[in-house]
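The chain below stands alone and is given in structure tokens; this is the form predicted alone.
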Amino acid sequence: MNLNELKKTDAELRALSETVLKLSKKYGASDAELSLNRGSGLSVEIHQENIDKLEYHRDQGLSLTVYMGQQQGSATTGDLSTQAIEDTVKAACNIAKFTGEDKYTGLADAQLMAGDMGDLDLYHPWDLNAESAIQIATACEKAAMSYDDRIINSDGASISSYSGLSVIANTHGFIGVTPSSRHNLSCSVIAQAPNTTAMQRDYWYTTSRQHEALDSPEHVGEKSAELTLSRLNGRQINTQQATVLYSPEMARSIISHFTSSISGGSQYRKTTFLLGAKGEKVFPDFIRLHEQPHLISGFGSCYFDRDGVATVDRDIVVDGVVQDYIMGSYSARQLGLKTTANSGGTHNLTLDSTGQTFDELLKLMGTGLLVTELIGSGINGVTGDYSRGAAGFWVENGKIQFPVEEITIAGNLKDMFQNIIAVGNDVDPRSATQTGSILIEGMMVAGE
């Protein structure tokens, strides 16, 4: 979608939003809110230099919620024709007539709506054609396959590009338009150790809003091969209590377990082991977790949440103490609190580093387990009990010794949060959650 197409789409979706909201009022809604989107893209998958998939995407859709007093109805459509829009509005209003009253439902307060909005630099379309996409993915796979003789097969290389525009609007008069783009390149290969039947698979990927910022196809292919080779000749280890270092890619899951436990939904439903945790010291003194929703080109950047509420930089944990929950307007009303502009999730969540490099964290750990893969999901949100399959590397004297596999790591999230020793500065930038490696002591590692 070039600049002229973007301007045209912007005008069309703004006009359509106004039409939908007026129709909602016409058919009896006291209030209404909607999300609209339109975008296009291309994706290609290569396997052993053959084209497995070539797809062009042209997506659009409307999601509408109407309120009749404290009754609510919702409907969606991918057809944005005049008749389909009117049918969707009618359907949402008819549904609302038959739902029960909910005193907590409705639009967020009007005074909380986002106002002036600048450019967060989220939109960088890529004029990528099929021929170029095939060449890039093929080069990526070739780089991986030629890296080492022990790379015996490819699980494929893929490239995708998508750009589009989304609109949030409601009957408070709020309308927020967000153009955005995202581009990805990945590769996965299989390696086999000589004179054995044991094989391993791993992958690597690069992603960015700007295609010029993507890693080269050769780098992605070689990195996927390097990671796969490092996993050959994996062993089990004896069951023991050990210090565990989560790589940045895996460390994000630790943060996710925490944010889920302090979400407004888990709090008002009372389905969390951190019930009523606001004001409690959940982490060590050095932990600070915060949101930065207005980072330029950030994957989680936005000026408003799904309710249209203005986002702001805010602390969630300071000196290990929980400052507030993560809430949209509905869950906040359930709790008798004010929304934190998190309807739809968090925005560029950032865990501050304690300053160590990855190598320094290995030295600080001394002996223990480096986790680079997590398998399954054995998390009890009510009790905090934690048990997951894992793979990675055994570390002794601050040095990686050998790969490990077929193990389980276990503990309780409350203890795990308190037992964090350090957070690295080796941040993985490929996500809306920014964290380095996380070092946790006192976990149970189950092996042989």
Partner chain sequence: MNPSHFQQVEQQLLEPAGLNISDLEKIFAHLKGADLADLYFQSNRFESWGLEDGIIKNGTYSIEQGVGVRMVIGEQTGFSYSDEISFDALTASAKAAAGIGKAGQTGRIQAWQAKDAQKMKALYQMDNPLAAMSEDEKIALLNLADKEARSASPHVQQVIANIAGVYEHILIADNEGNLNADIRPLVRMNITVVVEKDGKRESAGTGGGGRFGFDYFTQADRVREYAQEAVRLALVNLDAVAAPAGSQTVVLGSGWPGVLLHEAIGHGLEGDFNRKGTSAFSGRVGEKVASNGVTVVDDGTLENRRGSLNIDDEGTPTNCTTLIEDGVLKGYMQDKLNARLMGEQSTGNGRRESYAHLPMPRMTNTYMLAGKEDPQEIIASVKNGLYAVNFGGGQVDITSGKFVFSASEAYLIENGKVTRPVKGATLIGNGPDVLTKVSMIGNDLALDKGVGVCGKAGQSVPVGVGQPTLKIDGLTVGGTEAQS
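Positions refer to the first chain, counted from 1. These numbers come from a predicted model, not from an experiment.
Below: the form predicted together with its partner chain, not depicted.
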Quick check for you: of 395-403, 417-425, 28-36, 42-50, which stretch puts a non-hydrogen atom within 4.5 Å of its partner chain in the predicted complex? 42-50
Does Arg201 reach its partner chain in the predicted complex, with heavy atoms at most 4.5 Å apart? yes
Can His257 be called a contact residue for its partner chain in the predicted complex at 4.5 Å between heavy atoms? no
Can you tell me whether Thr206 touches its partner chain? I mean in the predicted complex, with a 4.5 angstroms heavy atom cut-off. no
Using a 4.5 Å heavy atom cut-off, state whether Asp149 contacts its partner chain in the predicted complex. no
Residue within 4.5 Å of its partner chain in the predicted complex by heavy atom, from Gln323, Gln210, Thr99, Thr367, is Thr99
Which residue, Leu335, Leu232, Val177, Ile375, has a heavy atom that falls within 4.5 Å of its partner chain in the predicted complex? Ile375
Heavy atom contacts to its partner chain in the predicted complex at 4.5 Å, residues of 46-65 in sequence order: His47, Asn50, Ile51, Asp52, Lys53, Leu54, Glu55, Tyr56, His57, Arg58, Asp59, Gln60
